[in-house]
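Structure 1 and structure 2 below are two forms of the same protein chain, each written out on its own as structure tokens.
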Structure 1
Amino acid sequence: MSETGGWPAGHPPSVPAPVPTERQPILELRSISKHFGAVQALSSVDFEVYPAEVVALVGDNGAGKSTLVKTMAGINIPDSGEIWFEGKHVAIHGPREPAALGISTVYQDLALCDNLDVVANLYLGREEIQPPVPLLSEERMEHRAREVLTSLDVKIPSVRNPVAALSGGQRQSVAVARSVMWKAKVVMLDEPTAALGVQQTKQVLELVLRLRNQGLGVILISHNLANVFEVADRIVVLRLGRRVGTFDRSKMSEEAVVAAITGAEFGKFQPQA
């Protein structure tokens, strides 16, 4: 599989990239295709994320970013292609399997239940019970929820308020917190900063770096290239369902990435090295 899709072969691997190619990806997609009716959302896309790296997935609206994330999350079942996790071929038929592997996702639409409170949303699908009786263990869950929110510096008036009563930024923070509640190895964030103010955005980006430093593979989707350049170790560009470019940190330039995203003039901005 090609490590440098949009990069001319034979380009000297100058500075040792933060992602040595001999390392094993923690999560790897091979030749994934997916169509919705007449729309070919993904065409034979390879994708990989290594432990302790932030890989940004960029591309124009409709490029297939969310579809790729949903494939890894078990929400979309691809038409063809393979998913490998920690060097093993894994079969993914639904959202439970990625969750069990330690792949968690913050969806673009947040996927929160507005009618439930913050604690219930953080534990959605993973509620804890008090063993002898099958009743929810509300105190334990609330305690843990407050811990996680505090550790992420998320300020919420009360964790017992329904999520519907929170601001857009607070809701986004809850969605991010949910993805790191469990021992995740890969965290995917689909536009996690889209609804956030400056301060909250900074916190999410700091969180992204903290996750990477803890050894997680982080996949970040964002239309904000400034944010991407701030935290990404690698950038993968999708255009019309195809992977058209890969940039290591040392070789990223805003012009080259934009050119790859838009497809226009691609090649003009190639290595200025």
Structure 2
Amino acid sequence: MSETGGWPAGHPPSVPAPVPTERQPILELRSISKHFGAVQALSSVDFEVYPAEVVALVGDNGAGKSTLVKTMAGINIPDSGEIWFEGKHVAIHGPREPAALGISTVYQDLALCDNLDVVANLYLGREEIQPPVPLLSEERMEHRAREVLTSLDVKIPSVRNPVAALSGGQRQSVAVARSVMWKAKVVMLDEPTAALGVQQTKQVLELVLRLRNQGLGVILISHNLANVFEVADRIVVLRLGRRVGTFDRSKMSEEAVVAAITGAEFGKFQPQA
């Protein structure tokens, strides 16, 4: 070091290279098991989703997908295993805890009220009240609703239209917007493209990618492997209550995933860790 306290020209201090840190899941399940009477629905299942990632959860009927999703949503309490969120062990005893953490679930039935408009559905149960008179703050609620829909690039003719007047894709988009409106960090989508047409399916899949690009962890539960391969980063396969394969979507064929789902030719391909 020079007398002035600086480093000689051309001789900077030796700074150690930053140590790479391992990427941490935003939500992680470890060795989750669940049985209903004599039926073992889940057997020591591990599952994880990372920020800015779409992970697809696939499997045949009875594979355990719904049980696992309901465990993450706080509806099913596991018999054993641990749940970790943002690197911390969390105790989940009901749906309130996941919601408070930022875990949101959009079920296949969407749970929308057809007779109410878009704004009312987005704020259902969380309406803003304008003091001192206990009246709904309609203008503020509508402004916030428009902001959220615009951020997700959801195109709806009017947020004052009743949900019953919307298309299937628009209804799905409203349900997703409601989930992210309250600072969700993980969004689970249960069969979001079921019974949708081609154009509506495209609209929903584009929305899934926008959620990922905004940094959310997205869990996609679907039987449609074409949709899965279009948007998923990783694919986790459940079969008979066990996790039997994890695939990097860009490195694995649809046939290999089908083989893992059905158990056909199991072991003749190498799942990606």
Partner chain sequence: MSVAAAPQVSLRETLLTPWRRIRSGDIGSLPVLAGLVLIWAVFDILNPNFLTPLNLTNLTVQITDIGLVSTGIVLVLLLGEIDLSVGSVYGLGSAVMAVLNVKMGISAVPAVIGGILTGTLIGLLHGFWFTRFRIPSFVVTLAGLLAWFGLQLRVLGETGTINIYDPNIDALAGKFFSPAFGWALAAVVVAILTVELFVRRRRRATAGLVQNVLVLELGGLVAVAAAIFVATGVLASDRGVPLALLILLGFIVTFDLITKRTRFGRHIYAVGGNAEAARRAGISVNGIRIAVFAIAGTMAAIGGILGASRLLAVNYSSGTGDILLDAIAAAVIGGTSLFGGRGTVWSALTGSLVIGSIGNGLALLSVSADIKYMITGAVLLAAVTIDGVARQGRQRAGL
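The structure presented is a predicted model; accordingly, all values stated were derived computationally and were not measured. Just so we're on the same page, residue numbers count up from 1 along structure 1's sequence. We call the rigid core whatever largest set of C-alpha positions still superposes within 1.5 Å between the two forms.
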Which of these two chains, shown alone, is the form predicted together with the partner chain? 1
Tell me, please, whether between structures 1 and 2 the C-alpha of residue 170 is shifted by 2 Å or more, with the rigid core used for superposition. yes
For residue 126, is the CA shift between structures 1 and 2 at least 2 Å following rigid-core superposition? yes
Fill in the domain rotation here: degrees turned by the smaller rigid part against the larger between structures 1 and 2. 22
